[in-house]
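Next up is one chain by itself, shown in structure tokens, the form predicted alone.
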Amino acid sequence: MPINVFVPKFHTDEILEHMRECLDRGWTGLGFKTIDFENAWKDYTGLPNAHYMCSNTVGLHLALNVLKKKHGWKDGDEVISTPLTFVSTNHAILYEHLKPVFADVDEYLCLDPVDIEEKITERTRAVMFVGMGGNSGRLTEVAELCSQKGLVLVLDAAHMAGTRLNGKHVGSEGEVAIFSFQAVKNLPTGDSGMVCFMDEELDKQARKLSWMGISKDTYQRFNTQKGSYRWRYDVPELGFKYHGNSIMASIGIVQLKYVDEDNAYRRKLAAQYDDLLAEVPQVEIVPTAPNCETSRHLYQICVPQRDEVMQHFYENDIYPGVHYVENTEYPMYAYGAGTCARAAEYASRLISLPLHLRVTTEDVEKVVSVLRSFSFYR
């Protein structure tokens, strides 16, 4: 059997019970289960607000759209971001006609607060912090820097479902945190996400904008509104169709019940990798930040001859990943090439080893054995 970098695992029978409830009731869209999932997520994380979205990417865009209006940002204003991320992080900045300015990463592959400070200009308005692989990096220092400089902190927490920093679930460090429940994330659905504003008024604004700017969504009108004009609504501003649906929420409600247990298993596998790879001198393990109980979405190492190592894995029916290509290699971000030397160097050596609920301890031993069998510098 091949050993793949990602294979999700679902509690199928329990999920189907929730889905059946949606189908029998005839309500599969916004409302009903989405509300249940939002409440469950707030209870789990301790965050004050949670709005269920159809993806993390739209949540990032919606967050920046709301923040731009609130703070009066102008087109061309700058958001400091990382070049070592999935492109949706930086695409969301471009969607709002803002400019990503790239700061370098630290040994945790998260934004380095020292380089953030060096990249601040008179047009800097926000920092987009990515918790790479579930790692918190120097998030506390970045939050303090943003507070000192009057910058908005946006947390792209796509990998951080279940990550705790100093014993508290991440998300409250900035103005907004956006989580991902995409198909291979630690809390997988088909594809969806959650945008969590700390300010209730911003949460209310996001809810209006995520349903086309309509003043009352269908669920509200037909389940809370009385009288003969339940069909009536207003459209006070231009919005989007970004909301989540009850079918995806049904999956999320069930998966959330097991996320801590699942993440503990990932950390167990990661500890096994740590022990076995300590004996392989060519391998540099990406560390976990102090006081961080990481979700362990990724287990990342750096090796010389990365592309040859990947091919060696393929020849042995093992299929790791690379997270990520340094974004300045893409045409739209090429203006930032050469500005983040550490991110570029890491990106040339990174490998994400298989780490998911279907990976066994025997699989970990095989992955490490195959890596050991590679002849470095041949």
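Given the structure is predicted, the values throughout are model-derived calculations rather than measurements. Residue numbers run from 1 along the displayed sequence.
One more form of this protein exists, namely the form predicted in complex with a small molecule; it is left out here, but the text below deals with it.
For the candidate spot formed by Ser210, Ile214 and Tyr242, no residue has a non-hydrogen atom within 4.5 angstroms of the small molecule in the model of the complex. Note on contacts: among Trp27, Tyr324, Tyr346, Tyr44, the single residue with a heavy atom within 4.5 Å of the small molecule in the model of the complex is Tyr324. Only one of the listed residues (Thr124, Ser88, Gln272, Thr288) places a non-hydrogen atom within 4.5 angstroms of the small molecule in the model of the complex, and that residue is Ser88. From the list 154-162, 197-205, 140-148, 246-254, the contact stretch for the small molecule in the model of the complex under a 4.5 Å heavy atom rule is 154-162. In the model of the complex, the small molecule sits within 4.5 Å of a heavy atom of Ser192.
Residue contact with the small molecule in the model of the complex: Leu64 places no heavy atom within 4.5 Å of it. Using a 4.5 Å cutoff between non-hydrogen atoms, Leu60 counts as a contact of the small molecule in the model of the complex. Among residues of the shown chain, Asn56 is one whose heavy atoms approach the small molecule to within 4.5 Å in the model of the complex.
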